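In structure tokens, one chain follows: the form predicted on its own.
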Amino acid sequence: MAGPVDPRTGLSAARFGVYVHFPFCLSKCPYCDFASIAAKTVPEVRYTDAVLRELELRLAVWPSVPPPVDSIFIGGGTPSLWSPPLVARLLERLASRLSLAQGVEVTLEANPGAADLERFAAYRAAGVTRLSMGVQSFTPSTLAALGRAHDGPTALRAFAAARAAGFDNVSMDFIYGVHGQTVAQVEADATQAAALGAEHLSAYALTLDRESLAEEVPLARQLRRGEVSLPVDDEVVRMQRVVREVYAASGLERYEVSNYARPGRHSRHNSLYWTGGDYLALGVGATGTLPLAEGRVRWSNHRSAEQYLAQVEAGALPQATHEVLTPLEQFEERVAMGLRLVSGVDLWALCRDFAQPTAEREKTVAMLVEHGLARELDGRLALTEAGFDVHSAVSARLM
């Protein structure tokens, strides 16, 4: 069942969600800057206990009754390493301590090499309603360049297992702009992905610049030393465009810079981020945003599993950072995130809500429209395809 829909955007109007981070992996990919840990032995019972303890600590400082939860996202790391009975325990506790909206979307990220039919069926029985599979590519050379352990046939078997387990909402992630990758290979990946009939596909350009990474990853160091080189910008744009064309021909609508879905299958949880919703975040390295007594607060948990576990087990919130967001910070985030959506953002409503001046921004909007980078429709500012290619620069001009 879909959540409430904003008639202006066609997206879920979810205002509140829960993110749970499972940081453990079998190996660390050389491009990944998420809070993930390669572990031969996963302390999953201890970790589950800690996440549930953190939930109680978070609820204890919440000044009001939490709103209904419209989406739960279990990300990583490799959450498909988390034993289904423990995932069931997590979801049961969330349901007992929070109000879940009817038809709540519950997503679990899965690695194609760390899942099978039995495991997927157990997740489905536990309450997971949507799988997000980190395929990245079907092409052997691209998978090798990304340090992925699975191969194309393994990914295909994982998708078939998800269907056999009863999942009718499956998303797959892909990466383009990889060193050694060609436009033809990107097109082949997109064609094969679309042919499977997944409800949702994501295609992200590989990003290795320091400003975009939470930590310098091995692949970024190789790039800095000149050991690898990425495709030039024009070629990356061609890759993105061929992905868009292939997906569109298969009935997948681009609704965000990097995301495509069949009608009614937008990612409800990610839509919450893009439309300014709040979210409770639990686990190692998780970042959340909530309205607390001192204002709208953003926090990030410790990225070290041992530090996180020690803090929680001592009865303390495991926060590495804690900040009260200013009106300007909230405005800038809403603009940058909202302009990622094909439906755009109500810029003038945001200026009003966050007390931001409009005169110079009116001139900027006129310039963007004149140069074909944006359009205004029904009071909303949205980027064109050309504008999406320079999204960061356009957002900066409006800030």
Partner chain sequence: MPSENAHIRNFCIIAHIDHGKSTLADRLLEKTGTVNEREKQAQFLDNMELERERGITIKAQAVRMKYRANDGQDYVLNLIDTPGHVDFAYEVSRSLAACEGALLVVDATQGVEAQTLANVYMALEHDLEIIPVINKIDLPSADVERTKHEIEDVIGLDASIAVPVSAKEGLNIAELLETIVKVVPPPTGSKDEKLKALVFDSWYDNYRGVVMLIRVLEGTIALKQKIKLFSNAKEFEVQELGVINPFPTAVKQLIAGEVGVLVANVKELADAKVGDTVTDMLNPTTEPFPGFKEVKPMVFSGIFPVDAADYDNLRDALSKLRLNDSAFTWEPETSTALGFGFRCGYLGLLHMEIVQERLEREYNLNLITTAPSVVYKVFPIGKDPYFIDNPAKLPAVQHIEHLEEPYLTCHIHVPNDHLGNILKLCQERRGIQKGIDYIGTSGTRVRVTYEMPLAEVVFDFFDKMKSVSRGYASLDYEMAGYSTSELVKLDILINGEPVDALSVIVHKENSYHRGLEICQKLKDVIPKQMFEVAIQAAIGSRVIARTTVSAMRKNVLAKCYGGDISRKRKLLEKQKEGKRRMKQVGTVEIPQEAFLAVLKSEE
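Residue numbers count along the first chain shown, from 1. On a predicted model such as this, the values are computed, not experimentally measured, just so you know.
Keep in mind that the form predicted together with the partner chain is missing from the display, and what follows is about it.
Using a 4.5 Å cutoff between non-hydrogen atoms, R58 does not count as a contact of the partner chain in the model of the complex. Residue contact check for F24: none of its heavy atoms lie within 4.5 Å of the partner chain in the model of the complex. A residue is said to contact a partner when one of its heavy atoms sits within 4.5 Å of a partner heavy atom; M367 meets this definition for the partner chain in the model of the complex. In the model of the complex, the partner chain sits within 4.5 Å of a heavy atom of V390. Taking Q185, T129, S258, Q311 one by one, only a single residue has any non-hydrogen atom within 4.5 Å of the partner chain in the model of the complex, and it is S258. The partner is absent here, but in the model of the complex a heavy atom of E323, alone among E245, E92, D168, E323, sits within 4.5 Å of the partner chain. Annotated contacts: E211, D234 and S395 all touch the partner chain in the model of the complex [non-hydrogen atom within 4.5 angstroms]. Of the candidate stretches 141-149, 117-125, 156-164, 200-208, only 200-208 contains residues with a heavy atom within 4.5 Å of the partner chain in the model of the complex. The partner is not shown here, but in the model of the complex the stretch 26-44 reaches within 4.5 angstroms of the partner chain through a heavy atom at D33, F34.
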